[in-house]
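The chain below stands alone and is given in structure tokens; this is the form predicted on its own.
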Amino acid sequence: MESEKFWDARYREQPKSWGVDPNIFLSQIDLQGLSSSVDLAGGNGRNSLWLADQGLKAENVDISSVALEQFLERAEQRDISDKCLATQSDATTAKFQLTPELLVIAYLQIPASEFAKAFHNALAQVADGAKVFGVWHAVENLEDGYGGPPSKDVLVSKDQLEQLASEHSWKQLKIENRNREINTEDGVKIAIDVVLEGTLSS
């Protein structure tokens, strides 16, 4: 699988590319009452590790075995191995070990048809009334923002998410573009993300 080889090499060469802190928007959501989470395409685990630190059972699902090894090593170093699970899988066909009360999809940037499969496959496996949090580089970021994939084919739009979300029943749902500050050698740059926050109907 070419993408597996690509990401294995990327994580071997640049294990600190995405840092250790959780996504800023994820860190702002209310976790009260939640006990389990799945982070789809979670890389080497910055979000899952943070969720485990907050007391949740955290399953990190990623295509790269190298990323997952790094995740489990970090969990051991932080003494939270008992709360961390690793599942190696392609995002479009992943079978979770947990039935999560929180689903996280952060920066899964793949072509639209594959993205739709991954989105629906993931939502089909969550607990009744689960929270869903997603964040992606928005299509607007290509011309007006900083960083992210250089191809529009793998960027995500608000309209795209609204269409996918419409195939599911929600108690509440919010999808919006948000600016995210990035500190660089040339000062603060602004990235444009599209963020989904919702609670599925029970």
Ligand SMILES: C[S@@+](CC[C@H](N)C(=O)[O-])C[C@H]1O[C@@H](n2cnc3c(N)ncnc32)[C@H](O)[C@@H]1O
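Because the structure is a prediction, the values reported are computed rather than measured. Heads up: residue numbers just count along the shown sequence, starting at 1.
The following text describes the form predicted together with the named molecule, which does not appear among the structures shown.
Q) Which single stretch, out of 153-161, 46-54, 171-179, 27-35, brings residue heavy atoms within 4.5 Å of the named molecule in the predicted bound form? A) Partner-contacting stretch among the options: 46-54.
Q: Spell out, yes or no, whether the shortest heavy atom distance between residue 201 and the named molecule in the predicted bound form is within 4.5 Å.
A: Outside the cut-off, so no.
(Q) Considering non-hydrogen atoms and a 4.5 Å limit, does the named molecule approach residue 70 in the predicted bound form? (A) Contact check for residue 70: no, nothing within 4.5 Å of the named molecule in the predicted bound form.
Q) residue 125: heavy atom within 4.5 Å of the named molecule in the predicted bound form? A) Heavy-atom contact with the named molecule at 4.5 Å: absent for residue 125.
(Q) Even though the partner isn't displayed, in the predicted bound form is residue 106 close enough to the named molecule, meaning a heavy atom within 4.5 Å? (A) Residue 106 belongs to the contact set for the named molecule.
Q. Tell me, which of 91, 75, 85, 130 has a heavy atom within 4.5 angstroms of the named molecule in the predicted bound form?
A. By the 4.5 Å heavy-atom cutoff, the listed residue in contact is 91.
Q. If we check the named molecule in the predicted bound form, which of the residues in 41-73 reach within 4.5 angstroms of it by a non-hydrogen atom?
A. Residues within 4.5 Å: 41, 42, 43, 46, 47, 62, 63, 64.
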